[in-house]
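Coming up is one lone chain in C-alpha cells, specifically the form predicted on its own.
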C-alpha cells in the first residue's frame, strides 16, 4: 500500500479514507466472505473508521480549545491480530472502567486525541469523557529527554534503577544516585509550572495548596541536572537529622559500615549535611566518625613535616590523655595553647590534625570531629599517623 499509493502530494500514504476502499477489508469484501474469513482463523485487525473531513474539538486544560480535521488522521488499529488491544483502545476502556475524571498525559499523545475522543463517543458517550490535559515534554540537551541523554551526559532519567528486559542493561535511577523523594518530586513539579512567585522549594503540602492548571506552561521545560542537584542539596539542608537518619544509615550500610548509635548518627548528620549534595555523599563525609580511615593522605603532611611538629603532637597526646573534659571548645583551646608554647602557628598544625582524624583535607570543624569520635579514638588516630610519619611511610 505504501508503495502503490505513493505520490508527490502524498509521499507517505497511511491507511485512511483515501486508500481504505482499495484495501482488503470488511468494507470492500462482501458480507459472506468477511464472515467466512473471521470464522476460519484468518488473522485480522480491527481499526477505527475515521470520518472524512469532520472537525473534532475538545478543551485542553493547558492549551484551551484544540481542533483536528479527521481527514488527516489514519484509521488506527484498535485490536491487533493476536487479540491484544493497542493503547488507543485500552486507554479509553481503562479510563471508562476506572471512572477517570481527568486524563493527564504528555503532549506526544495530542495527535491521537481525535481518535480517543471518537472512541469515547462511539463506545460510551462523550458526556462520560474525562477532562484532558496534555503536558509539555521534558527536554534534554537536544530535544525530548531520553535514556540516551542520561547515558551520554551522566545523569539519571528514571526514578529508580531500571533494567532493560531485552538487553539486561541496568540504568541507574535518581533514588540510587542519592536523590531524596522530596527533592525529586519538587524538581519535577517546577519543570513547566510555578506558583507565580520566586519560590522554588515546595513541600508536598505546599504544592497541593498552590498548584493550579492555569500556571502550567504549554512549552517544553529543559531539564538541568545541576539544578536538580541543587534541589537535592537544599532539601538535605532543609530536613532535620531524624528525617535523614534512615537513608544515611542505608548509605553507610551499603558501604560496609553498620551504625548502632542512633544519637551519634543524628549528631553527625547535623554536622556534615551542609557538605552533601547527594545522599551518597554522606559516606565520604561521615564514614570516619564510625570507622578509622584506612587511608591517610600523608603526602599532604610530609613536605612541611619536621621534628618540632612531632614533639608538638606528642605533647597534644599527653595533654588530651589527661583531659577530664572532652568538649570541642576545650580541645581547641588546649591545642592552640600548646601550639603557642611550641612557637607554632595553629594553621601549621590544624591541617595535619584534620588529616590524622579524617584521612584527608575535608570535613567539618576538626575539634567537633574529635569530640564525637571520643578521646580514645582521637588519640589512637594521632598516634598511628605519627608512627607512619616518623617511619617515613
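Fair warning: this is a prediction, and the values are worked out from it, not measured in the lab. Residue numbers count along the first chain shown, from 1. Rigid core: the largest C-alpha set superposing within 1.5 Å between the two forms.
From this point on, the text means the form predicted together with the RNA, which you will not see here.
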The RNA contact at residue 139 in the predicted complex, heavy atom, 4.5 Å
yes
Any of the heavy atoms of residue 51 lying within 4.5 Å of the RNA in the predicted complex?
no
Residue 238 near the RNA in the predicted complex, any heavy atom under 4.5 Å?
no
Do residue 233 and the RNA come within 4.5 Å of each other in the predicted complex, heavy atoms counted?
yes
Full three-residue contact with the RNA in the predicted complex, heavy atom 4.5 Å, for 244, 322 and 375:
no
Which one of these stretches, 303-311, 171-179, 97-105, 270-278, sits within 4.5 Å of the RNA in the predicted complex when only heavy atoms are counted?
270-278
Heavy atom within 4.5 Å of the RNA in the predicted complex, from candidates 350, 29, 328, 61, belongs to 350
Could you work out which of 191, 296, 119, 316 is the residue within 4.5 angstroms of the RNA in the predicted complex, going by heavy atoms?
191
Using the arrangement in the predicted complex, list in sequence order the residues of 96-114 with any heavy atom within 4.5 angstroms of the RNA.
107, 108, 109, 110, 111
Once both forms sit on the same rigid core, is the C-alpha displacement of residue 304 at or above 2 Å between the shown form and the other one?
no
Any CA movement of 2 Å or more for residue 11 between the shown form and the other one, core superposed?
yes
Compare the position of the CA of residue 343 between the shown form and the other one after a rigid core fit and state whether the shift reaches 2 Å.
no
